[in-house]
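Given as structure tokens, the chain that follows is alone and in the form predicted alone.
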Amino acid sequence: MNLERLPNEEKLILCRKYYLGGFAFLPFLWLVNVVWFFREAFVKPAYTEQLQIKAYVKWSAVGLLFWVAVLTTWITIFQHFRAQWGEVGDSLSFTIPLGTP
């Protein structure tokens, strides 16, 4: 999508949709929001909707960093302790690795 062709009001609506969509456990939408609207929020000359877009981009970045931290922590803990958790670790696994832990 070319953001240059959209009027500023439509940019704000689209940015808000991606921001709110991230709360539906879809942090990828926050990544898209930050990448797509960073230039609109911080590089372009000022316009009326820019302050709201800037806020959505900032909070999308905060939410994205939070999800990255949470997922990285969970993956690290799970990979390290899965074998010790026994049956619970196996039931949480999509595939059960063969061999000794």
Partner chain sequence: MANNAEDVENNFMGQPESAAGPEPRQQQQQQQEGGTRLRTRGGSGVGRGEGGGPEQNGHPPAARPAVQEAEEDEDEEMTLKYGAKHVIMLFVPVTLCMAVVVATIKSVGFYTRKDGQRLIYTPFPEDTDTVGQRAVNSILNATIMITVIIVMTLVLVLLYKYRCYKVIHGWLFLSSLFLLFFFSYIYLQEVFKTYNVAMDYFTVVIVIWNFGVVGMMCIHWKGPLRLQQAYLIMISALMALVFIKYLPEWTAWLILAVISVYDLLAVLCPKGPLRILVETAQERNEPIFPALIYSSTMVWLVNMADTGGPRRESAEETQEAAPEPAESPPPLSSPQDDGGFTPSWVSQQEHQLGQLQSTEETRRQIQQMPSARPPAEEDEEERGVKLGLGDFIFYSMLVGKAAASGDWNTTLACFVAILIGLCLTLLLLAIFKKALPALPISIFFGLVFYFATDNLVRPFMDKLALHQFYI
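What you see is a predicted model; the values in this text were computed from it and never measured. Numbering follows the first chain given and starts at 1.
Not on display, but discussed next: the form predicted together with its partner chain.
For the chain shown alone, I75 is a contact residue for its partner chain in the model of the complex, at least one non-hydrogen atom being within 4.5 angstroms. When contacts are judged by a 4.5 Å heavy atom cut-off, L20 does not count as touching its partner chain in the model of the complex. Contact check for F28: a heavy atom falls within 4.5 Å of its partner chain in the model of the complex.
Among heavy atoms of L12, none comes within 4.5 Å of its partner chain in the model of the complex.
Taking a 4.5 Å heavy atom cutoff to its partner chain in the model of the complex, the contacting residues in 1-23 are M1, N2, E4, R5, L14, K17, Y18.
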